[in-house]
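A single chain, nothing else alongside it, follows as structure tokens in the form predicted on its own.
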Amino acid sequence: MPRTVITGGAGFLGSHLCDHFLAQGHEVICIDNLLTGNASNIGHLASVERFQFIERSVTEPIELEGAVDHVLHFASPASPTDYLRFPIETLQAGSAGTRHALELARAGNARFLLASTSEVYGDPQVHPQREDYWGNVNPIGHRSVYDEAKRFAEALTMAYHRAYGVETRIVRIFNTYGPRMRLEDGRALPNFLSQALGGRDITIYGDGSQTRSFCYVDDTVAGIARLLDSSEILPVNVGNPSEITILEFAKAVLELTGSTSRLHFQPFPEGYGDDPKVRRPDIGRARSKLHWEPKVPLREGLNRTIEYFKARMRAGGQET
């Protein structure tokens, strides 16, 4: 039985990974300090014998008894609201946290997978973004606490591979959405859904012409799992190459929710000045190396997510 450690496993994406690997017959150890994760995301796993939750920070050394086969490092605030609120913790998760997760993999001769991000490309001047593009990041901007933490984490991961022979994988995740996102986490989809379902104006920063590429969580998890099982050492983009403007996305949310909310345009708040104007992954490497591409259409994924958020709101929960 493979033994898989997932840091940040109580977060949105991490909790879905816990589900996936348990379904594959793994023993799963979830490590999370619940800074931005939520125990309710993994509450349904409490009675599963092959699942263990450890509440602790990865900024401290990770010591576990027994063999470890895989270490997936997903511990980090991931939305602008979170990493602007917790800048030091975000930098620590990408630096000390990544090193401690790598040391765990090194000690157990385990395969290591780093959750990186499309944010390493910054406000890109190359479109779509390929893995060989070095990016356009402001190293002292507000967003740099996340962008540079992930860029450093990638560098550290490759250093451990080259210096110590650790089997490493790096996934650059583009905008992912689905059930278990927090309604108020600051990203476009939960913001729009929270406002639309609550009958409030939908806030669009700027003129809404900035683009994103939204990938449903099941597709993202499938891509990550394929990368873990592959022999690919170089970073791999995992995301949906279907690009949409934020304005178009907001209108789709209004249509699918049946909301009468109005669109409200306002300037970008402080800290959003380096917000990428375009974002679309080139997934040629994922297609050729992993034989992966997303399958869930945007409307289908949105409908699934809307039903989840409606249920949460009916239950009186604003956070997931």
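The model shown is predicted, which means the values in this text are computed figures rather than measured ones. We number the residues from 1 along the sequence you see.
The same protein has a further form, the form predicted in complex with a small molecule, not shown here; the description that follows concerns it.
Asks: Please state whether every one of the three residues Glu119, Asn191 and Arg212 places a non-hydrogen atom within 4.5 angstroms of the small molecule in the predicted complex.
Replies: The answer is yes; Glu119, Asn191 and Arg212 each reach the small molecule.
Asks: Should Gly186 be counted as a contact of the small molecule in the predicted complex, where contact means heavy atoms within 4.5 Å?
Replies: Yes, contact at 4.5 Å.
Asks: Any of the heavy atoms of Tyr205 lying within 4.5 Å of the small molecule in the predicted complex?
Replies: The answer is yes: Tyr205 has a heavy atom within 4.5 Å of the small molecule.
Asks: When the contact criterion is heavy atoms within 4.5 Å, does Pro87 count as touching the small molecule in the predicted complex?
Replies: Result no; Pro87 lies far from the small molecule in the predicted complex.
Asks: Would Asn175 count as a contact of the small molecule in the predicted complex, using a 4.5 angstroms cut-off between non-hydrogen atoms?
Replies: Yes, Asn175 lies within 4.5 Å of the small molecule in the predicted complex.
Asks: Within 4.5 Å of the small molecule in the predicted complex, counting heavy atoms only, one of 126-134, 197-205, 67-75, 106-114 shows up; tell me which.
Replies: Answer to the contact question: 197-205.
Asks: Of the options Leu227, Val145, Ile246, Val221, which one has a non-hydrogen atom that comes within 4.5 Å of the small molecule in the predicted complex?
Replies: If I apply the 4.5 Å criterion carefully, the residue I get is Ile246.
Asks: Taking 4.5 Å between heavy atoms as the contact cutoff, choose which of Glu55, Asp275, Glu293, Glu255 touches the small molecule in the predicted complex.
Replies: The residue from Glu55, Asp275, Glu293, Glu255 that makes the contact is Asp275.
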